[in-house]
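In C-alpha cells, the next block holds one chain alone, the form predicted on its own.
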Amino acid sequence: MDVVTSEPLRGAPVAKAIKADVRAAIAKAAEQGLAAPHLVNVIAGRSAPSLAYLDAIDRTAAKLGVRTSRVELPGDASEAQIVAAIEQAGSSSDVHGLMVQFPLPAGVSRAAVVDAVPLAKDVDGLSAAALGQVFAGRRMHVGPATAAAVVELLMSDERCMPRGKHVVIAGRSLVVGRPLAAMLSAGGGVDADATVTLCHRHTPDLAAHTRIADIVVIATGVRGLLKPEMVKTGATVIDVGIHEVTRADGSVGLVGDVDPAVGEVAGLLTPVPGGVGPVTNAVLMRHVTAAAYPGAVAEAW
C-alpha cells in the first residue's frame, strides 16, 4: 500500500465564510429596522452533553448577533408538555428558529416532538416536513445542519468537489446519512451530482464499498470503525463521529469514527475536533438567519 500523508480538511475557514454571510445579513437587516434573529431551544432535563452543546450554540450566536433563549422543562416532562412548549414557542412571531434537544424523557415519541416544530422555524431540519423538502431536492433552510455541513466542506475545496465522484456514506440516520445521500446525489441548484452508496449496519462488507470510494463519509457512532485498509489511497474522508476519550494523563479528548492511521492513506481528512463540528454550528446560524430574513442570505441545505 502506498503511503500518503493526508492533509487536514479543516472546518474553520468554511465556518468563517458562512459566519461572515450571517453577520452581514444581520447588519443589513438592522439597518432596515428588523429585529435580530431569535433561536429558541427546548430541553427536558439537564443532560450535561446537551447543556454543553447549548452553551456552545449560545456563544457562537452571541458573536454573530443572533439572540438565543431556552425553554427548560423537567426531566420527567410528558410528551404533551413538551409538544405544548414547542407549539407555544413556535406560535410567537418573535421566534424565528426552534430546536429540540435530545435525549427526550423515557416514553416520549421523537417523531411527535420534532413534527410539532413549524416547518418555517425548523432550523434543525428533523421534522418529516423538513426532511421531505430535502428529499424533494428543494434548497431551503430546513435541512439537517450536520448533513449540510458535510456538503459545505466538500464543496469548499476543488480537490473534493463531489460532482462525478463516488461517495460512500456509512450510517443511515435521519440526521446525517439519509439526508446527506439526497443532498450529494442532487443536481439542479445544488450541483453536487455525486454517485452515492449508502451503507449501514446490515451492509455485509462495508470495506468492499469504502475501498472503491473517492469520498467516504462516516457517521456510525462507532469509534475508530474506518481502518486504513478500508480506504483508497488519496481518497477524501469526512469523519462525522465524535467520542470522548480519557488520555493517559487523565485529560479528556475527542476522537471520531475514523482510525487515526487512515491519515497515512487518505488525501484529505477532517480532524476531530475541528472538522465538521465548526461548520455545523455556522450552518445552524445561517439557517436561523435565513428563517428570520428569507432571501437575505444564501439558501442552504
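As the structure is a computational prediction, the values presented were derived from the model and not from experiment. From 1 onward, residues are counted along the sequence shown.
Although it is not shown, the form predicted in complex with nicotinamide-adenine-dinucleotide (NAD) is what the next lines describe.
At the 4.5 Å threshold, heavy atoms of P162 stay clear of nicotinamide-adenine-dinucleotide (NAD) in the predicted complex, well away from it. The closest non-hydrogen atom of A181 lies beyond 4.5 Å of nicotinamide-adenine-dinucleotide (NAD) in the predicted complex. The closest non-hydrogen atom of V240 lies within 4.5 Å of nicotinamide-adenine-dinucleotide (NAD) in the predicted complex. Not displayed here, nicotinamide-adenine-dinucleotide (NAD) is kept clear of H166 by more than 4.5 Å at the level of heavy atoms in the predicted complex. The stretch that touches nicotinamide-adenine-dinucleotide (NAD) in the predicted complex, counting heavy atoms within 4.5 Å, is 218 to 226, out of 80 to 88, 151 to 159, 218 to 226, 130 to 138. When contacts are defined as a non-hydrogen atom within 4.5 Å, all of D257, G277 and T280 contact nicotinamide-adenine-dinucleotide (NAD) in the predicted complex. This chain lacks the partner; the member of V123, V176, V117, V231 within 4.5 angstroms of nicotinamide-adenine-dinucleotide (NAD) in the predicted complex by a non-hydrogen atom is V176. Note on the partner interface in the predicted complex: the residue among L206, V113, L104, A192 having a heavy atom within 4.5 angstroms of nicotinamide-adenine-dinucleotide (NAD) is L206. Looking at 89 to 128, no residue comes within 4.5 Å of nicotinamide-adenine-dinucleotide (NAD) in the predicted complex, counting any heavy atom.
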